[in-house]
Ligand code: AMP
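The chain below stands alone, shown as structure tokens; this is the form predicted on its own.
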């Protein structure tokens, strides 16, 4: 089944329900949302010969038009190629070339030189009109579950990004897992897109469209804590995905404004480490509104989940360890922790996290070699390190590429970061390994000092000496005004490594 049928059915069942808002302003009911998507799909078919299986790139900022366009592509059986709007046009053009897109839709419709795009590729503005709307949409094109629906390009840390192939089945299984393990999708929800639709936040539209929720696009176009407070108060039942760094900003502003989270239903967090001190502060400020998820582009948003009651729980004997975990396997997903030969390691031992289930990608676009390397006997090798306890709770240690090996001993950056973040003079921190002629690698900590507080190496040295083993202590401190981050707020450790060269 074509997942666009979910919008079609919701529009028939709840035509007058609010569907799309820009800030508080209603821009479309579900009937209008569906008919606009359908009309645009016919425009793509008639004027640009779009056919089932053709790839269409979306290189645009978050707006209600983004969702309409996304569904227009799916309506005819096309494949959505979402591209982060913050990428350089040269990077976006490379993705368009690699995916072989026939149409690329941009904010202005005039971003690219046609020579930089695939032959016969058309660039269109996302605001392009389609003429009068029909009274009623006709059903989306039929698809089989294995048909490609979403081609997501991983950011990659080395070399070119790879296109992750996600089918209609993958997206449906992700959506069912959301409803079972992450948050109950309700028609009264207001889902806020404060993070890019080109990434995980965009994938979460599907279960909420099915439920008939209203999709809200911040008037600011991004993540503004004050705006979120206002929308929560005006709309209520606000649901949104946020990276841990975004939550920290929200809490900082909420303290200043005495905002207690009223009007926010659920904040789903993931995409980077949520440090214990930050999560404790968020729970103190907002209460039990938080759900953690762990996923990858290759297993979209759907590996493990830690439900809100367990995030907030303080009664279980192991509540602190559970809160520090990323939860247990989501429905329909199997999770193991293995050694280099794919053998299970004992409970609580560190190994590579591998995943299997109907949500795992079909493979990498035109990269059979990379697909074979990533998937072994049906198991996706995530490249992440972690441990499973006896109750099935998964704790992330680090990306395998981020582990620091000094003097033959593994040092996990997150452990060092957690310690440094507890120091009152430290606002943010990121720990990496740098080449060392004697030890192989040395620990380097990039520190963003707390505003107005003196932050000195001697004090940090003393703090670490009292908290962790000597071999784990940073050998070098770099004080910076801010940490480089991607559009999701994830720290770009590759950039930090480059800065040391």
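Being a predicted model, the structure only gives us computed values, none of them experimental. Residue numbers count along the first chain shown, from 1.
The protein also exists as the form predicted in complex with adenosine monophosphate (AMP); that form is not presented, and the subsequent description refers to it.
Student: Using a 4.5 Å cut on heavy atoms, which of 384, 417, 183, 123 is close to adenosine monophosphate (AMP) in the predicted complex?
Tutor: Result of the distance check: 384.
Student: Quick check on this chain: which one of 240, 150, 294, 178 has a heavy atom within 4.5 Å of adenosine monophosphate (AMP) in the predicted complex?
Tutor: So the residue touching adenosine monophosphate (AMP) in the predicted complex, by this definition, is 294.
Student: Find out whether any non-hydrogen atom of residue 490 is located within 4.5 angstroms of adenosine monophosphate (AMP) in the predicted complex, and reply yes or no.
Tutor: Contact check for residue 490: yes, within 4.5 Å of adenosine monophosphate (AMP) in the predicted complex.
Student: Might residue 271 be said to contact adenosine monophosphate (AMP) in the predicted complex, defining contact as any heavy atom within 4.5 Å?
Tutor: So residue 271 counts as contacting adenosine monophosphate (AMP).
Student: Is residue 370 close to adenosine monophosphate (AMP) in the predicted complex, meaning a heavy atom pair under 4.5 Å apart or at it?
Tutor: Contact check for residue 370: no, nothing within 4.5 Å of adenosine monophosphate (AMP) in the predicted complex.
Student: Can you tell me if residue 326 lies within 4.5 angstroms of adenosine monophosphate (AMP) in the predicted complex, counting non-hydrogen atoms only?
Tutor: Residue 326 belongs to the contact set for adenosine monophosphate (AMP).
Student: Where does adenosine monophosphate (AMP) sit in the predicted complex: which of 286 to 294, 113 to 121, 209 to 217, 85 to 93, heavy atoms within 4.5 Å?
Tutor: In the other structure, the partner sits against 286 to 294.
Student: Going through 194 to 211, which residues have a heavy atom within 4.5 Å of adenosine monophosphate (AMP) in the predicted complex? Please give them in sequence order.
Tutor: Heavy-atom contacts within 4.5 Å come from 199 alone.
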